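Single chain ahead, by itself, as structure tokens, in the form predicted alone.
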Amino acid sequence: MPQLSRDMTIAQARRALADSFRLAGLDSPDLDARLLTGHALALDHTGLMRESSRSLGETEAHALSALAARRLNREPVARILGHKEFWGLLLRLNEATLVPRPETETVVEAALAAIDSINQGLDGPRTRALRIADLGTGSGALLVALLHELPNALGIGTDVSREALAAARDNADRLGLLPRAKFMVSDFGAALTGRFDLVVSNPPYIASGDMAALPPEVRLDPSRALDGGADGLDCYRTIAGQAPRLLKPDGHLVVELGIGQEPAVATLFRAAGLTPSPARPDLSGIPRALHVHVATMTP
């Protein structure tokens, strides 16, 4: 635990935090130290630089020490701050939501690429009046990112957790998207009616037997947002069963994948009469976003 005192400058305190995080084996010690110091002192990055030589006050030293202790106990920085940036948008979190992760942005990229592939003559496909569903929306990350990019789209986010839906609705409201975003309690698409141009989902996909081996930061996420059943595929089976009813004849479905799950999940969608394309990789080269284009469907 770093020893912080009112005799330290902000720069010295920040370095002390980074050193302690580094010794603890945390992945991004310098970034974590900057974010927590800024949060404790109510300073942005510019403010931290401007006031780097100022000494800490006693209250500030105590506050920063408390935040450092939480991080050393492996509480994610996003949970300490209460928010996380996703697709350039600041999303608030609560105990019922996952912390949005960078690899999930691959789902947004794949969904937008699918929309861009639609040939609609002179009008750009992103300006179309689309209908979108986000199954298991959590904090609303996927839905608000897509509505941000698709100005004439309407979207609905579902979740079994009312607490998660409250966070999603709050995020949509703060980002000015609430008039185009609706939210409802539903087991994925079970309660939805009508058909959609685009359906996205980041479902629970960790095999139950692997939950205990997750990094401590991930284990703090709600288990029902992580646990995908004995083989990690339960939620994909549910989505595959619902997709033919939910998608328009030329609709698109994009789901996030866990490591190594592409063959099994693609097989599930083929068995449901859908046709998956090769998964889009994330920045680490891991197949992450599986896209299903529905060319023809029966009512």
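So that there is no doubt, residue numbering starts at 1 and follows the sequence shown. Predicted, not measured: the structure shown is a model, and the values here were computed from it.
FYI, the form predicted together with a small molecule isn't displayed, but the following is about it.
Participant: Under a 4.5 angstroms heavy atom criterion, identify the one residue in V160, L72, V218, M211 near the small molecule in the predicted bound form.
Facilitator: In short, V160.
Participant: Just give me the single entry in D116, E95, D170, D187 that has a non-hydrogen atom within 4.5 angstroms of the small molecule in the predicted bound form.
Facilitator: Exactly one listed residue reaches within 4.5 Å, namely D187.
Participant: Can you tell me which of 175 to 183, 100 to 108, 147 to 155, 76 to 84 lies within 4.5 Å of the small molecule in the predicted bound form, counting heavy atoms only?
Facilitator: Looking at the other structure, the answer is 100 to 108.
Participant: Considering non-hydrogen atoms and a 4.5 Å limit, does the small molecule approach A207 in the predicted bound form?
Facilitator: Because no heavy atom of A207 falls inside 4.5 Å of the small molecule in the predicted bound form, the answer is no.
Participant: Since only the chain is shown here, I'm wondering whether A225 would be in contact with the small molecule in the predicted bound form (any heavy atom pair within 4.5 Å).
Facilitator: Because a heavy atom of A225 falls inside 4.5 Å of the small molecule in the predicted bound form, the answer is yes.
Participant: Whether P203 contacts the small molecule in the predicted bound form should be assessed with a 4.5 Å heavy atom distance threshold; does it?
Facilitator: Result yes; P203 sits at the interface with the small molecule in the predicted bound form.
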